[in-house]
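Let's start with one chain on its own, the form predicted on its own, as structure tokens.
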């Protein structure tokens, strides 16, 4: 590997992670990032002395998950901070606290008290909880791939309030609802989330993770090219030859794209891939998008890291359908995060950060996006009395902002959706049909929640590259 010329396109969690892993093998990767900062959708940007995350993130497994595993393998300086109680759940106007483990007696009682499922649904709920508990590995999840999560939930219970709660949890994990999500992935991810007790926020903000990975890469002799966009991947005779950026040509033996499967096809040309591969990629479905409103406050209006606000029997699929047809719903669910509750160092003393957002289609009319953000602001003000008076700075961002940062062309929150028809063996492998070309990130991760999916992909991509390189040496 030390003699290989390796190019990585994109410094998101997947790209930065695989660059760090390869750097520990003696490779000196050249990493191209189209933005002025590392991390893409998982990056952080400084403003008014505060460090803001590009997206609204939380790590479901924290120090036990793949983000931390990459750090341990490479020596990257990544640390997580977890806090309990973790979440304030507000459902239909009733609220209460949820602790690190949802299985904590107080958490279970509060979920039951707030959601108020029917008594007759309790037995089915217990059976579903038992199934979640028993789904600890991909082998355990195997019987539940290629079917929607909702079909499993419906089998155990029909209570509409509990179904709403589980659907919102599914959207938090995957950016899609239970009627689309893979049952196998849902059970496995939900198990990891509610039993690990390590849901956490990274020390130094979310961007600290890809930055720490990139430091490992650069310390080993790798290069980071910020503000440089790769426009073309050059291939000849079934193998990669290099990349062409807006500043020149770079030869490469191995190219790793963190720019999505479809964008990688666009850069390379469909003619270099089998028709079946191209058709599968072009027809794949991504996760939903979202809008966010971010605040700098001069007073701490919350004491809990996260708040989940959900109107009673709220339907995310109906919201997406209505917005897609230009209709504005009366109310919508909000995911609210205050990073400074966990990590005060993100803002100068006396200042506090608050983010609030909701899901939308990945492409949404600008006027409708602004109307959604108006609704988000109004709801945040009702949930946090004094918000207006204590706001010293505010920023609104929609799916177009995420699309501009990611370069994917639309503002999906996560990437290729973990749907029941895109799971397990139906997901894309990091290894492509073009020799020397790999795709890393959420599109090719086999399992995980959000950024953890991209980190899992980084480890899987690294393993495949080593395997393929060893195979070439053996053949030689």
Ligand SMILES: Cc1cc2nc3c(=O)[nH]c(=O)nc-3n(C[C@H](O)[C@H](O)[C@H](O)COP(=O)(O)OP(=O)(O)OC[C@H]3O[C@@H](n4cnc5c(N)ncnc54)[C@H](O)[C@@H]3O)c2cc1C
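Since the structure is predicted, the reported quantities are computational estimates derived from the model, not experimental observations. Numbering follows the first chain given and starts at 1.
One more form of this protein exists, namely the form predicted together with the named molecule; it is left out here, but the text below deals with it.
For the named molecule, considered in the model of the complex: do all three of 63, 79 and 339 come within 4.5 Å of it, counting heavy atoms only?
No.
Taking 4.5 angstroms as the heavy atom distance cut-off, pick the stretch from 436-444, 419-427, 22-30, 44-52 that is near the named molecule in the model of the complex.
That would be stretch 436-444.
Can you work out which of 346, 89, 176, 259 has a heavy atom no more than 4.5 Å from the named molecule in the model of the complex?
Checked against the cut-off, the match is 259.
Single option in 360, 135, 182, 406 placed near the named molecule in the model of the complex, where near means a heavy atom within 4.5 Å
Checking each option against the named molecule in the model of the complex, the one that comes within 4.5 Å is 406.
With the cut-off set at 4.5 Å between non-hydrogen atoms, does residue 318 touch the named molecule in the model of the complex?
No.
Might residue 465 be said to contact the named molecule in the model of the complex, defining contact as any heavy atom within 4.5 Å?
Contact with the named molecule, no.
Quick one: is residue 35 in contact with the named molecule in the model of the complex, heavy atoms, 4.5 Å cut-off?
Because a heavy atom of residue 35 falls inside 4.5 Å of the named molecule in the model of the complex, the answer is yes.
Is it the case that residue 151, even though its partner is missing from this view, gets within 4.5 Å of the named molecule in the model of the complex, heavy atoms only?
So residue 151 does not count as contacting the named molecule.
Going through 446-470, which residues have a heavy atom within 4.5 Å of the named molecule in the model of the complex? Please give them in sequence order.
If the 4.5 Å heavy-atom criterion is applied to the named molecule in the model of the complex, 446-470 yields 449, 450, 451, 452, 454.
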